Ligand SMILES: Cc1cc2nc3c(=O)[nH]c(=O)nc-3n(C[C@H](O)[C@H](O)[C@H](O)COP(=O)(O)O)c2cc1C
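Below you'll find only one chain, the form predicted on its own, shown as structure tokens.
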């Protein structure tokens, strides 16, 4: 499979089969995330994988009980993952304060996408969720108070069929040698 095939294959699914997700496949996803680039090689991430059925239910409830009232499907996902932002190393931390740029957010996004692309290559599907009850989830997973859960992921085997991706036209999202409206 080429990279463009893989990028085309990956989609956000909200319905999964009951098939168990093997831990070795989840570890391959973490290994792919580990290889993501990060500012000063700080690797400011920790992937908390939730595969215990009872804990998945509790975490699913914490995810679905969010201010927007979305992500109810998290309660039925076979695996959930909390992507935790770890403290930045010195240089990105200093640079972030000086330039008002949080490198960790970019780094976490890259690592999360690496995880999701590896999952797609393994036949798994994912959905990245940004709305969740962070306090409840941090308590449930014993995440330290000084850490932030960046996003959560639902992981499993898709129960639906692949959809056609709707994207902006290529010409609308790029220009050469300067910004063009």
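Numbering follows the first chain given and starts at 1. Computed from a predicted model, the values in this text were never measured in an experiment.
What follows is about the form predicted in complex with the ligand, which we do not show.
With the partner removed from view, which of 46-54, 123-131, 27-35, 137-145 is the stretch that lies within 4.5 Å of the ligand in the predicted complex, judged by heavy atom distances? So the stretch in question is 123-131.
I'd like to know if residue 168 sits close to the ligand in the predicted complex, meaning any non-hydrogen atom pair within 4.5 angstroms. Answer no; every heavy atom of residue 168 is more than 4.5 Å from the ligand in the predicted complex.
Look up in the predicted complex whether residue 117 has a non-hydrogen atom within 4.5 angstroms of the ligand, and give yes or no. Result no; residue 117 lies far from the ligand in the predicted complex.
Please run the contact check for residue 73 against the ligand in the predicted complex: heavy atoms, 4.5 angstroms, yes or no? Yes, residue 73 is a contact residue.
So in the predicted complex, does residue 19 come within 4.5 Å of the ligand, heavy atom to heavy atom? No, residue 19 is distant from the partner.
Counting only non-hydrogen atoms and a 4.5 Å cut-off, give the residues of 1-37 close to the ligand in the predicted complex. In sequence order, 10, 11, 12, 14 come within 4.5 Å of the partner.
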